[in-house]
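First, one chain by itself in structure tokens, the form predicted alone.
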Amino acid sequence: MQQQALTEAVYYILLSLQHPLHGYGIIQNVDELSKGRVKLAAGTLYGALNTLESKGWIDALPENPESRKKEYVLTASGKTVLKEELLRLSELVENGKKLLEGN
């Protein structure tokens, strides 16, 4: 089934969760990966995390009693969605190259 295109923020959130990360770590990672182009506010991030968790694309890890920070990780379903999005984006780039470099 073809997924709807991901927003850049959601794409980078999913990409960030290859390994467990807490909210602030995700914000920092997205900022670094996007070279500062994508800035996530805490409210936006936690809304997105709730949505991604309800879709089954990410999981919240069991809470560590020594830390208040909740960590999240990508699920197998989330990895599939991420790979499909990468294929879609690659197709966009290839089509653009063909048309622009062919003229």
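Start at 1 with the first residue shown and count on from there. Nothing here was measured: the structure is a model prediction, and the numbers come from that model.
The following text describes the form predicted in complex with another copy of the chain, which does not appear among the structures shown.
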Worksheet item: Would S34 show up as a contact with another copy of the chain in the predicted bound form if we use heavy atoms at 4.5 Å?
Response: yes
Worksheet item: Even though another copy of the chain is not shown here, does V38 get within 4.5 Å of it in the predicted bound form, heavy atoms only?
Response: yes
Discussion item. With a cut-off of 4.5 Å between heavy atoms, is L89 one of the residues that contacts another copy of the chain in the predicted bound form?
Written reply: yes
Discussion item. Is H22 near another copy of the chain? Define near as a heavy atom within 4.5 Å, in the predicted bound form.
Written reply: no
Item to complete: For the stretch 70 to 97, return the residues whose heavy atoms include at least one within 4.5 Å of another copy of the chain in the predicted bound form, in the order they occur.
Response: K79, L82, K83, L86, R88, L89, S90, E91, L92, V93, N95, G96, K97
